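Encoded as structure tokens, the following chain is the form predicted on its own, with no partner shown.
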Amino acid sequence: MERELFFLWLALVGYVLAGTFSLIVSLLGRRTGMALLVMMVVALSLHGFSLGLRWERLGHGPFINQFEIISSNLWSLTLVYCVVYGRIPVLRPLAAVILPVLFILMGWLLVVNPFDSEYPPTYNTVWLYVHIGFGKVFMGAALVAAALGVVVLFRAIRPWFTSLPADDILDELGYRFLAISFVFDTLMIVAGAIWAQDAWGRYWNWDILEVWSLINWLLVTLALHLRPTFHISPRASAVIGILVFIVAFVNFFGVPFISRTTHQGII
């Protein structure tokens, strides 16, 4: 475990350096360029190596206890943003919004016990990996959509993020990322139902996590329908996009650890 934690600490230091660099550059009104991407990729690689060591040692993926869930989602969210950062240069200033969110996960990770956990027999199915993979892409897309919403709301108060496009363009980009999150949220629920049938002999049981997942899916669906149907303003769209991410965050990192159902996480 010491090697895993050593590389994890190196990764966290790398994330902090990348985030600090991003904030300083943003405050100075300059562009981060590819330097930030290199810093994030290095930290991401160290983190991935740490997760790989843990996976090899325990024989299961990093998604059983709270430490593993926070750590693996921190890695996947960073990966999604690295892809966005590299593929959509116009959105690079979003690092000043997204990286502080990742800082919250890092701080939380530091106070969680990294103990080993057993792999429940019901988890031993490929559909669990498919279910979790779709969920991580959904969460990453929702994070980017929420960050775009934060920028729109901030600019209504002060002239920040002036290097980003106009609000209507950011609104359109946020809508597209919400559409991506909707697709992967739907796939996550479908894959989760198939996994539940294999693991527990039922597709749906209305337990607390399933209900929250349904609420999240309905909220994303509502967000996608409101904009073209009622032509709501970019600010209203921004609020909804942020709300989608908040509900998803609670669903991913809160509900599993208060639930007393089959979806219960191991704290």
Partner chain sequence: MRLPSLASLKWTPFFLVLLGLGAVGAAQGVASPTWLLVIPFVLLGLNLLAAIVMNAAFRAKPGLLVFHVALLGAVLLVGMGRLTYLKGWVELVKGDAFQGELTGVEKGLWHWGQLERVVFVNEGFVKEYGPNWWARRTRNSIRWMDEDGSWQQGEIGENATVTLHGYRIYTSSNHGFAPVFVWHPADQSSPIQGAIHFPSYPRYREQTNTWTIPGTDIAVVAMLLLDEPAINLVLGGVFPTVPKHQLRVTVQGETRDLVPGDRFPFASGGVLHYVELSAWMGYRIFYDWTRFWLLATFLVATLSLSWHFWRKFSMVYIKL
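Since the model is a prediction, treat every value here as computed from it, not as a measurement. Positions refer to the first chain, counted from 1.
The same protein also has a form predicted together with the partner chain, omitted here; what follows describes it.
A heavy atom within 4.5 Å of the partner chain in the model of the complex is found for one listed residue only; from Val83, Leu153, Val112, Val190, this is Val190. This chain lacks the partner; the member of Ala236, Leu224, Leu53, Val42 within 4.5 angstroms of the partner chain in the model of the complex by a non-hydrogen atom is Leu224.
At the 4.5 Å threshold, heavy atoms of Leu102 stay clear of the partner chain in the model of the complex, well away from it. Although the partner is absent from this view, Pro120 contacts the partner chain in the model of the complex, with a non-hydrogen atom inside 4.5 angstroms. The partner chain in the model of the complex is not approached by Thr162, whose heavy atoms all lie more than 4.5 angstroms from it. In the model of the complex, the partner chain lies farther than 4.5 Å from every heavy atom of Gly59. Of the candidate stretches 120-128, 75-83, 153-161, 94-102, only 120-128 has residues whose heavy atoms lie within 4.5 Å of the partner chain in the model of the complex. Using a 4.5 Å cut-off on any heavy atom, the residues of 213-250 that reach the partner chain in the model of the complex are, in sequence order, Leu214, Ile215, Trp217, Leu218, Thr221, Leu222, Leu224, His225, Leu226, Thr229, Phe230.
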